[in-house]
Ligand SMILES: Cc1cc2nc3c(=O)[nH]c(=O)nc-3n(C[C@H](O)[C@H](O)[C@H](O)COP(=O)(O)O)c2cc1C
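Single chain ahead, by itself, as structure tokens, in the form predicted on its own.
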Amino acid sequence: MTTTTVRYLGLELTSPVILASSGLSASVDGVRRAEEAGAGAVVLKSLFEEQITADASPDEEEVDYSIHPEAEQYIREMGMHLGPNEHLRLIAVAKENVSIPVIASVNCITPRWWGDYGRQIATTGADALELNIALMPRERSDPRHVESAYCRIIEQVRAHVDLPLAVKIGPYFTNLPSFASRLRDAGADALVLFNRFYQLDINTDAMELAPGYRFSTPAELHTPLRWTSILSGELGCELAASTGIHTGTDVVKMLLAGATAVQVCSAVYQHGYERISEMNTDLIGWMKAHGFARIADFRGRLNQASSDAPEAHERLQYIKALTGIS
């Protein structure tokens, strides 16, 4: 009998396909539709830390948006989005209405606020917490300061929150294996590879900045695929792959590379919640065709640690890939 059950963050998931934090998971209806489509878990729409700050501060001028420039517009101009109290209510109501794990999500920029709000997230019923950390290094300073800021946030959250903890990061670090180890040591139970950041574009007619394309494309799969394959056999913590995952074949690739789970968003925006069901169907079909009863039977089979040619995972130049010339 073929089963797609996996364990992620200590939680049993009936499928490795998780609905990522997005507008799709900003309501109980969205969470319920994800469950009906076969998602193994849902990460709720992220709460910006600045929203917690603004809610706690009677003087809006006390809120420092400079470190996370997109937050100011998000908070001041998009009031229909969840605030901290609404986020807690969403957790509670979602837990009452679905049986799959519900993972809370917070966009973090500092170690502040975690004593009180972190405990509220836990007591409201969230099964786990995902920290979406995105710090924009804009000064000519030691890059280790940025990495240390990530670790301080995780350590502070870990000190106050007992929930399983995932940390979602971007790919832009000088030495990702070293940095990933630091995040694990700071208290991360899993890493999500990778966050797809706001894309910048320019409107040449108006000669002003404009948002870039909102959704990921299948071509973006390769960066998380490479790093999942490199880190999964050596890091010692779980990995969830994210960005560029649009089909069941993409899910299979990430599992072969060593991911415990995958997070999907753009594919669901573009094709509807039924895309999750299609991914699960394709995954099961592939497993049956290759004689695998469980995901554990093949997960990580093609990661770097299991490879007879580990250097293939690190090739950066086309000439090496095409001709073997080193």
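Numbers follow the displayed sequence, beginning with 1. All values reported here derive from a predicted model rather than from experimental measurement.
From this point on, the text means the form predicted in complex with this ligand, which you will not see here.
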- Query: Which one of 283, 265, 37, 295 is close to this ligand in the model of the complex, taking close to mean a heavy atom within 4.5 Å?
  - Reply: 265
- Task: Go through 33, 299, 275, 45 and name the one with a heavy atom inside 4.5 Å of this ligand in the model of the complex.
- Result: 45
- So in the model of the complex, does residue 194 come within 4.5 Å of this ligand, heavy atom to heavy atom? yes
- Item | residue 215: touches this ligand in the model of the complex, heavy atom cutoff 4.5 angstroms | yes
- Using the partner position in the model of the complex, report whether residue 22 sits within 4.5 Å of this ligand, counting heavy atoms only. yes
- Is residue 229 close enough to touch this ligand in the model of the complex, meaning at least one heavy atom pair within 4.5 Å? no
- Message: Only one of 178 to 186, 235 to 243, 145 to 153, 199 to 207 has heavy atoms within 4.5 Å of this ligand in the model of the complex; I'd like to know which.
- Response: 235 to 243
- Note on the structure: Contact check, 160 to 192 vs this ligand in the model of the complex, heavy atom within 4.5 Å, ordered by sequence, gives 168
